[in-house]
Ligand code: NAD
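Presented as structure tokens, the chain that follows is alone, the form predicted alone.
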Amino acid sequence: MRIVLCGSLGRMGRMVREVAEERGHEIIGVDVRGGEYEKLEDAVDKGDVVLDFTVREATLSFIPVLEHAGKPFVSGTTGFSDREMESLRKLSQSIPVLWAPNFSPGVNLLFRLLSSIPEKLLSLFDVWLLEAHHEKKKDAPSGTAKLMLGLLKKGEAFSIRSKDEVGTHHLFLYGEGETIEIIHRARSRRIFALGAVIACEWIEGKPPGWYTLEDVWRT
């Protein structure tokens, strides 16, 4: 597979290239900082799928290019407003789009567990979430934290941005006389890169539509 990688010179981009090439794929790098290509429109026709790890402004600017090219699109960029996210969903009417706030297999297992908690049982607990990421991460709370609380339909998130922290999400459920703590701690960016490349492998050949990692793991 030929993967057009937007943000190829970033931390995640470099890790994705490593993992993708280990799995036998070719990376076509796009990065405004001086990648193989500086603009997506110059590279999009050379690939089979487009993978995006940039910033929200860049991702939104890709939409008309992607719609014209008709290539599958996988994105791990976060920080979108509801209206901006709706623009990505609209794009999925024309091409297959897979968006995920977190490509870690472990985090996606956690998503599944949280979504299975009965509302009546959850009503007995107060929910708090502490998330920590590296100091260059712009959005806070993280997209992962927002989705976790969205699945629970309650709770409040607090954020830490410091040094080279890869990513930690610490969920507290406080009940009467008892406390549940759930922690996911990423030890390497490689887990995100692996999940993203697997998503690219999965989405090739799919019809237009809005997809998530849940679709990937259950098929």
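Note that this is a predicted model, so its numbers are computed, not measured. Start at 1 and count along the sequence shown; that's the residue number.
The form predicted in complex with nicotinamide-adenine-dinucleotide exists for this protein as well; it is not shown, and the discussion that follows is about that form.
Taken together, the three residues I27, K46 and P72 lack any non-hydrogen atom within 4.5 angstroms of nicotinamide-adenine-dinucleotide in the model of the complex.
Although the partner is absent here, M12 lies within 4.5 Å of nicotinamide-adenine-dinucleotide in the model of the complex, judged by heavy atoms. For K153, no non-hydrogen atom is located within 4.5 Å of nicotinamide-adenine-dinucleotide in the model of the complex, even though that partner is not displayed. nicotinamide-adenine-dinucleotide in the model of the complex is not approached by R187, whose heavy atoms all lie more than 4.5 angstroms from it. Although the partner is absent here, D139 sits close enough that one of its heavy atoms falls within 4.5 Å of nicotinamide-adenine-dinucleotide in the model of the complex. Of the candidates V65, V32, I182, I160, V32 is the one whose heavy atoms come within 4.5 Å of nicotinamide-adenine-dinucleotide in the model of the complex; the others do not.
Partner proximity in the model of the complex, defined as non-hydrogen atoms within 4.5 angstroms of nicotinamide-adenine-dinucleotide, places exactly one of 100 to 108, 124 to 132, 145 to 153, 86 to 94 at the interface: 100 to 108.
Contacts between 187 to 219 and nicotinamide-adenine-dinucleotide, taken as any heavy atom within 4.5 Å in the model of the complex, involve only F192.
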